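What follows is a single chain, given as structure tokens, in the form predicted on its own.
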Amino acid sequence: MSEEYVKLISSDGFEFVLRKDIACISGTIKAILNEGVFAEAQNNECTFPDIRGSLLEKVCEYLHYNYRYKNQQDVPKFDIPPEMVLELLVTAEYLDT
């Protein structure tokens, strides 16, 4: 995989490929990839055994949303399904997003 991209892998095996600069909006992902001592930094893959695919997908959507609308006014609402709010909050806290 190109060094410009990173693969995020959920607990249920779903894989999401993002540009590295977008993925590194997450403080946790940035720390994992930039330390150099973790195997994840060597192959640009991060596996999250406690995050299921539907949550990781929403996190990826948010990272793109954050990147796109950073420092802009009149930002559109980011839609979060009500049934996902609590789990997404915990996941966002873990990922430092």
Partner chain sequence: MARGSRVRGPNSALTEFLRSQGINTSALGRARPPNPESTEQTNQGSGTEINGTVDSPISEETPLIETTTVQVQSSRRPGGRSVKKKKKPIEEDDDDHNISFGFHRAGFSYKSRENAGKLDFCVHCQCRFTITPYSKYSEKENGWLCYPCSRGAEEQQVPEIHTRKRRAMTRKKAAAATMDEELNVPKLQDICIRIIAEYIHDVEALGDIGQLNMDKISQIISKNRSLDDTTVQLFLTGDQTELRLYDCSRLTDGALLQIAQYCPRLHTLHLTFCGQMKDEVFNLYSEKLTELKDLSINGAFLVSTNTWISFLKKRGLQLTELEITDTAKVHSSVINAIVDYCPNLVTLTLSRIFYMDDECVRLLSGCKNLTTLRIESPGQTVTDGSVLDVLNQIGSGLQTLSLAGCSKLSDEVLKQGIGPCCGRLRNLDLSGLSELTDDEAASMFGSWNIQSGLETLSLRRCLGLGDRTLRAVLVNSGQSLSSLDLNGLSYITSDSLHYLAKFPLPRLQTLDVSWIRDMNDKLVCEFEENKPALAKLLVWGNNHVLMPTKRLLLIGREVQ
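For clarity, every value in this text was computed on a predicted model and none was experimentally measured. Positions refer to the first chain, counted from 1.
Only in words, not in the display: the form predicted together with the partner chain, which the text now covers.
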For this session: With heavy atoms only and a cut-off of 4.5 Å, decide whether Pro82 touches the partner chain in the model of the complex.
Result: yes
Exercise. Looking in the model of the complex, any heavy atom of Leu89 within 4.5 Å of the partner chain?
Worked result: yes
For this session: May I ask you to state whether Phe48 is within 4.5 Å of the partner chain in the model of the complex, using heavy atom distances?
Result: no
Exercise. How about Phe38: is it within 4.5 Å of the partner chain in the model of the complex, going by heavy atoms?
Worked result: no
For this session: For the three residues Asp12, Ile32 and Asn43, verify that every one has a non-hydrogen atom within 4.5 Å of the partner chain in the model of the complex; reply yes or no.
Result: no
Exercise. Does anything in 52-71 come within 4.5 Å of the partner chain in the model of the complex by heavy atoms, and if so which residues, in order?
Worked result: Val59, Tyr62, Tyr65, Asn66, Tyr69, Lys70, Asn71
